[in-house]
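Coming up is one lone chain in structure tokens, specifically the form predicted alone.
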């Protein structure tokens, strides 16, 4: 038990101190490239001997970014840009900015004007990514990005190095998925905050190092008997759900996260790269295989079908839709999801969160009411 707590606390420390992790990387003489959501090919950065550094915003009040964005804008981008302008990412050699939603399409231009000392690598995907032409386009863009990363690193990225990066990232994805399953069956040992921070830490450290730490936790948990779940089991879905206040409310209300469909969490690591094909093609094809995110083109709304399947598979009592405030793709997805889950007899609660929120009492009331309904 003490060894589990030691490793979980180490992951917590890393997740809560991203700037300290960046300083450590830079002090070791390594280069780092920032990675803004969603689904950037950071394996290229790893293969070049550099460190990808996740940029999912932060719980903070913004000031400087208001010169570029209106108040009613995605808080992830608002806070990430604000931190960039204030110098919190000083030392990064570049920042990858995907163009996966309307808000992100303006992020690169705003970043170039607001954070002039950190160059931008634009990451374009085919919207209709699953058809052959879409996969070919995405692959061509990743090859272009490969050249940009090589220029920053000052070295060529061999196919062998990129194949190894795919292997390392696959190993991490498998360990993360294993952790979510073990955390659900050991809820008294792994709190909801432990769960979120253990997964979040991977964005701020080398993936092989994260895998090693998480594997130690998983092996210890696997050696223990599964617990009898006493609280209500839920599936969370949305963009991001790492708010300390939200997790505290859920914990106090006795909820257990049986599984998730969170872009920041399981959606990012469920799909694996094919290690048997060309490594750049494998990255493009992995993007095709990612399901469950509102920012990826999904005309048939397969996300909702998957959500219902996940809820039934883990025996969840209900679904918690964690809506990132002002996120249009999430808002558009909610109505068909609600209709589908109602038809399947699966209760769902939608709550709205923002990284600039200071008062969670309405969220608390809604969650406590949901618990009573369940």
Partner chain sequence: MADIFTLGIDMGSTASKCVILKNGREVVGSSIIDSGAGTTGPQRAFEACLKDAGIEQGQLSNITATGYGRNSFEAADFVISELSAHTLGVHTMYPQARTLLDIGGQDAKVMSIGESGRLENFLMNDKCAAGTGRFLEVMARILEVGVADLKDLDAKAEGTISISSTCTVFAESEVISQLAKEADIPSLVRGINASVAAKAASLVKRLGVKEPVYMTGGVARNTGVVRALEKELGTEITVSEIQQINGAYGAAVYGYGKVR
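Positions refer to the first chain, counted from 1. Just so you know, these numbers come straight off a predicted model, no measurement behind them.
Although not depicted, the form predicted in complex with the partner chain is the subject of the following passage.
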query: Candidate stretches 35-43, 53-61, 345-353, 305-313 - the one whose heavy atoms come within 4.5 Å of the partner chain in the predicted complex; finding: 345-353
query: Residue among 361, 16, 9, 23 with a heavy atom within 4.5 Å of the partner chain in the predicted complex; finding: 361
query: Partner proximity in the predicted complex: residue 3 to the partner chain, non-hydrogen atom cutoff 4.5 Å; finding: no
query: Any non-hydrogen atom of residue 338 within 4.5 angstroms of the partner chain in the predicted complex; finding: yes
query: The partner chain contact at residue 31 in the predicted complex, heavy atom, 4.5 Å; finding: no
